[in-house]
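Shown next as structure tokens: one chain only, the form predicted on its own.
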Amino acid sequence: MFEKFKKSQEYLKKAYTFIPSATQTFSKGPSQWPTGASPNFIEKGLGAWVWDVDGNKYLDHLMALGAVILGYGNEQVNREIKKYIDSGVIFSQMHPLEIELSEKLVHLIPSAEMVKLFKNGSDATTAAIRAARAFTGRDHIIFCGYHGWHDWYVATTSRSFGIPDFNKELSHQFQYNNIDSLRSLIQSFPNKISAVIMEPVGVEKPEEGFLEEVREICTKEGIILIFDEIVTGFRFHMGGYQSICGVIPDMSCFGKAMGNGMPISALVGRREIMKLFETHLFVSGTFGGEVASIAACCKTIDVLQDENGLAKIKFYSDRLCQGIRELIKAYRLESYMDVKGYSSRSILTFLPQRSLSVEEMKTYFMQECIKENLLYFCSHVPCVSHSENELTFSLKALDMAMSRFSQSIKSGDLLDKIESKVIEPIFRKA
């Protein structure tokens, strides 16, 4: 396989010289892909397809970790970006587009009364935590899910080096769909919890009444409820999952797909909390009002609404997930893999075996999909550009990969057929 990825391997060798881990984003890095049996560097994209630096063409379902919701190189968004590039993308004072986008978000998102714009999800979640602490006068936080790279969250992971210990003492994790785990933490730190921050939904469906109980408890205890909708916003619903479940948080964080790949995120929330950014908090960035990304976001919203984009994604994804389930059943692999999640965000999971780890099975399966020119991360966050042609291509490629996976299980030589290092978890269990 090496010759197929010759340029990728050359770039990777050079990247290690100048870039820690050879990547800016862990999920894109060589430890997360079957390096040597997959591309490492992508050169261009169009619609749902990408080309690597060696000229190989692939269908993509990860879509830049979910950041591209319309498709690579969307003409309408690109025209809008170019229009503003020609007149300048950042200035010494504000730009009217900041108001236009903020007004759009307030109209779309139930919890939004005021808006602050940032460049990535970690900015938004950390600004939310600071605001909650300032508003309540309390320091402790409770979280559920993944929330970015800043100290208050990463202190609780295996990559906590460089973070003062007190951060770990102030951050506490509760279990999704386990309301008692939340109550227990609140009781352990009475009148000390400033915020509960959580992804309202992941690949696991919230049990009936769970989110409502979280809201009720937070209200009763004077705790700020923050929904991290970095992934769910603009994908499950234009107004986020809160628009579906009807549970309204005090603040919400949006990002990922907002700008169809342009760097932008937002913190929205109740006016009385957001006003603290005027009077008590210093959260400021030179590029928060960068115009090209704001223009991209405004146009992305318009296109999604005008073209009924989320309905198209759901229609495609439902058939993709059903097709994968049928393949799993056809190859009798129910004890090895499963599809979980929603049409907006689903994953192919692997079930641990006595002789095979999840990472080993995933590495082999990704490798075999890539042989079929399907750039597959076992995660499905499709875009509007995924259509009938892409569905047919995907299921054919997955059929081929699943056939070989099944054969290797029967023959017991799956490990021998892995042509790269086995992928590694980003966060290791203690």
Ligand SMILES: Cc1ncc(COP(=O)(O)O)c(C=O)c1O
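From a predicted model like this one, the values you see are computed outputs, not experimental measurements. Residues carry their position along the shown sequence, with the first being 1.
Only in words, not in the display: the form predicted in complex with the named molecule, which the text now covers.
Student: Are any of the heavy atoms in residue 171 no more than 4.5 Å from a heavy atom of the named molecule in the model of the complex?
Tutor: Residue 171: no contact with the named molecule in the model of the complex.
Student: How about residue 120: is it within 4.5 Å of the named molecule in the model of the complex, going by heavy atoms?
Tutor: It does: once the named molecule is placed as it appears in the model of the complex, residue 120 has a heavy atom within 4.5 Å of it.
Student: Give a yes or no for residue 256: in the model of the complex, does one of its heavy atoms lie within 4.5 Å of a heavy atom belonging to the named molecule?
Tutor: The answer is yes: residue 256 has a heavy atom within 4.5 Å of the named molecule.
Student: Spell out, yes or no, whether the shortest heavy atom distance between residue 146 and the named molecule in the model of the complex is within 4.5 Å.
Tutor: Heavy-atom contact with the named molecule at 4.5 Å: present for residue 146.
Student: Please pick, from 290, 80, 250, 199, the one residue with any non-hydrogen atom lying within 4.5 angstroms of the named molecule in the model of the complex.
Tutor: Only one option qualifies, and that one is 199.
Student: Which residue among 128, 230, 223, 297 has a heavy atom within 4.5 angstroms of the named molecule in the model of the complex?
Tutor: Among 128, 230, 223, 297, a heavy atom within 4.5 Å of the named molecule in the model of the complex occurs only for 230.
Student: Given that the partner is absent here, state which listed stretch (316-324, 68-76, 146-154, 161-169) has heavy atoms within 4.5 Å of the named molecule in the model of the complex.
Tutor: Only one stretch qualifies here: 146-154.
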